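Before any questions on binding or motion, here is one chain by itself as structure tokens, the form predicted alone.
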């Protein structure tokens, strides 16, 4: 089965990101496909490269980055939600005249069309968080 995943909550404020991560990992381990993971609303905070959790805590953005690298996953941050929360990639950094970018490895910024496409191309679109 091919899944599209929507994550609407931030990495440390709600269980949704952890649950989505474990679902995606289990689905991949069972041979299913993940078409795309789309991060929306506060979920875009899963894609920051600036998170520095305590050493004895899980590093959720790194988990997503590593999983994407291992399985060639498409991790997409909603551009509007990301910009509202001060998250920019190198292109948005230049376009908006910022002095730094803060998107973690293996994430990219794009629009809501990517979410619509994930819903069309997947057998199921599963939402994590409100």
Partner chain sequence: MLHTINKSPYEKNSFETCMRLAAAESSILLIEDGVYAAIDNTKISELIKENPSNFKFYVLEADLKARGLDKNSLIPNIEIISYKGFVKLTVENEKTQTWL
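Model, not experiment: these values are computed from the prediction. Numbering follows the first chain given and starts at 1.
The protein also exists as the form predicted in complex with its partner chain; that form is not presented, and the subsequent description refers to it.
- Proximity of 4, 71 and 73 to its partner chain in the model of the complex is absent: no residue of the three has a non-hydrogen atom within 4.5 angstroms.
- Heavy atoms of residue 66 never reach within 4.5 Å of its partner chain in the model of the complex, leaving it off the interface.
- When its partner chain is considered in the model of the complex, residue 19 lines it closely, a heavy atom lying within 4.5 Å.
- Although the partner is absent here, residue 50 is not a contact residue: none of its heavy atoms lies within 4.5 angstroms of its partner chain in the model of the complex.
- Contact annotation for residue 104: none of its heavy atoms lies within 4.5 Å of its partner chain in the model of the complex.
- Looking at 14 to 34, the residues that come within 4.5 Å of its partner chain in the model of the complex, counting any heavy atom, are 15, 16, 19, 22, 23, 26, 27, 30, 32.
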